[in-house]
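Only one chain is included here, represented as structure tokens and corresponding to the form predicted alone.
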């Protein structure tokens, strides 16, 4: 009996210790989140693109979205298949490369590798944070931030978008706890089997 209790306590301590090692976002007294400084060194998971040319000229998100997961949160997801409290996911927006040789109708350009879509200039930074204590009123405890939809330098802080602007779509369509894992083979491959 004592061995069972010790084993259960060991599992609890190991799980708790692992969960507490998530590198969380930092917030200011006014509730604004500070921009991460090293997101391009995080785990790169993919780059969705829904260009205007394929969406009637009015795509909701016409830029490339380079998506990065903070490494400790990625490690937790890899181990458990769940997004830990404190998870940070950064999305850097990048314009489509454009020049005189690009097709006006499709937006595709011809480059040395062939006809296609290529990344141009940085155009914004967004951050998703899971914090069920700070954002207990938000579905899943997730909040969404933008440090500017413009070229660098990005803003140093950001306040959360209203939940309805992001959470509804994530709740309805994201595969794993408000995250669109179905669009990222790196995340699908990382899930425990």
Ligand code: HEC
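Residue numbers count along the first chain shown, from 1. No experiment lies behind these values; they were computed from the predicted model shown.
Keep in mind that the form predicted together with the named molecule is not shown, yet the notes after this line are about it.
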item: Stretch from 51-59, 24-32, 149-157, 124-132 whose residues place a heavy atom within 4.5 Å of the named molecule in the predicted complex; value: 124-132
item: Residue 89, heavy atom within 4.5 angstroms of the named molecule in the predicted complex; value: yes
item: Contact of residue 39 with the named molecule in the predicted complex (heavy atom, 4.5 Å); value: no
item: Interface membership of residue 136, the named molecule in the predicted complex, 4.5 Å heavy atom rule; value: no
item: Residue contact check: residue 43 to the named molecule in the predicted complex, 4.5 Å heavy atom; value: no
item: Heavy atom within 4.5 Å of the named molecule in the predicted complex - qualifying residues of 64-90; value: 65, 67, 89
